[in-house]
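To begin, one chain is listed below as C-alpha cells, in the form predicted on its own.
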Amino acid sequence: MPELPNPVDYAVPAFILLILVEMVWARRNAPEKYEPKDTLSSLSFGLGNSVVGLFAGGAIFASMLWVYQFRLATIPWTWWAWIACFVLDDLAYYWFHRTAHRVRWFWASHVNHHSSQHYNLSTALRQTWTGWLALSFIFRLPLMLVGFHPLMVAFCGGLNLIYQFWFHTEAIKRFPRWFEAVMNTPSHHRVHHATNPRYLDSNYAGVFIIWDRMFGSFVAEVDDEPIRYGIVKQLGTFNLLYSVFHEWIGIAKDVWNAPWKHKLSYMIREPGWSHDGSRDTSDTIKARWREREGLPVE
C-alpha cells in the first residue's frame, strides 16, 4: 500500500498565486469583483477549515477504514482503478452536493460556501467548518464498500477539490462547446452560485457536468441576465462566527419552537421549508418566476 500525500497541500501555493493574479486583473478590469472584508472572510473560512480538518480528519478516515473491512471486493492499485475511483468519487460528490442544497441539515454546513455576494477565486476557499457535524463524508462510504481503499478515495477527493478551485472566477467566460458539454467550467459554476430564480438548485457537478445533464439539474448561463451571488437571504454581515454557524442556529431555533410533529422536518426538509408555508423555498421562488415569465410550472 503506497503512502499518498494530501494533494491539496501541494496546491495551496498555486491557489494563493492565482488569487493574486486575479486581483491584479480585477483591479484593472473590474475592481468591484473584490471587496477586502469579503476576501478576508473567505480566507478565514479556508484557514478555519484546515484547522478543523486536523482534528476531525483522523476520525473521518478511521470511519472510512472501518467501513472498508466490509467491502464486497478488493480493488487493486492499478491504473484503471484510479480512473474508476476518480469518476465514481465525482459521482458521489454530485449526490452529496445535490443533497446539501435540498436537505437543510447538510445545507447548514454547505451554506458557508455560498455566503459571499462576490464570485472570485477567494470564494473557492470559503469552506465549511462543520462538515464533520453534518456527516457529509457518508456520501463517499459506498466507494469503500465497493472495494476502493480509503487512501485512494481520499486522494481522488483531494484532486476533485483542486479542480473545483479554478472555476470560481468571472475572468473566464466560455470554453469550446465540447469542453463545456463534459466538464464543469466557470460558466456552469457561476450559475450554481447564483440567486436568480432561474438558476436556483442547479449545476451540482464537481468535475464532470455530465452528471447534471444526466440527472436533469443542468441550467445554462444566460448572457443577458446578470448573475446575483450569495444566498436568498443574504447574511448582511462579515461576522465570521455568525457566518459559520448561522444556519445551525436557525435550525436549533426552529426545532425548539416547532410543534412536535414538525421538529424533524425542520432538519430534513429543504431549506426555507416551514410547517405553515410562511417562508419561501427555492421551489416556490422558481414557481413564481416561471409564472411571471409565462412558463409552465414544473
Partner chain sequence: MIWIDLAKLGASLIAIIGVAWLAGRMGLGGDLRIRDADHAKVLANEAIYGFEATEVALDRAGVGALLKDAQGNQMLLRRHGAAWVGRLLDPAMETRLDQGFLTISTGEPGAEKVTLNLGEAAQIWAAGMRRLVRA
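Residue numbers count along the first chain shown, from 1. This one's a predicted model, so the numbers in the text were calculated from it and none came from an experiment.
A second form of this protein, the form predicted in complex with its partner chain, is not displayed here; the remarks below concern that form.
Option from 255-263, 269-277, 25-33, 65-73 whose residues, in the predicted complex, bring a heavy atom within 4.5 Å of its partner chain: Heavy-atom contact with the partner occurs in 25-33.
Non-hydrogen atom within 4.5 angstroms of its partner chain in the predicted complex for each of Leu40, Thr237 and Ile285: Checking in the predicted complex: Leu40, Thr237 and Ile285 are all within 4.5 Å of its partner chain.
Option touching its partner chain, based on a heavy atom within 4.5 Å in the predicted complex, out of Ser136, Ser187, Gln117, Gln127: Of the candidates Ser136, Ser187, Gln117, Gln127, Gln117 is the one lying within 4.5 Å of its partner chain in the predicted complex.
Exercise: Ala59 in contact with its partner chain in the predicted complex, heavy atom 4.5 Å: The answer is no: Ala59 has no heavy atom within 4.5 Å of its partner chain.
Partner contact for Lys173 in the predicted complex: its partner chain, 4.5 angstroms, heavy atom: No, Lys173 sits far enough from its partner chain in the predicted complex that none of its heavy atoms falls within 4.5 Å.
4.5 Å heavy atom contact, Leu241 to its partner chain in the predicted complex: Heavy-atom contact with its partner chain at 4.5 Å: absent for Leu241.
Ile19 within 4.5 Å of its partner chain in the predicted complex, heavy atoms: Yes, Ile19 is a contact residue.
Within 4.5 Å of its partner chain in the predicted complex: residues from 43-64 (heavy atom criterion): Leu43, Ser44, Leu47, Val51, Leu54 sit within 4.5 Å of the partner.
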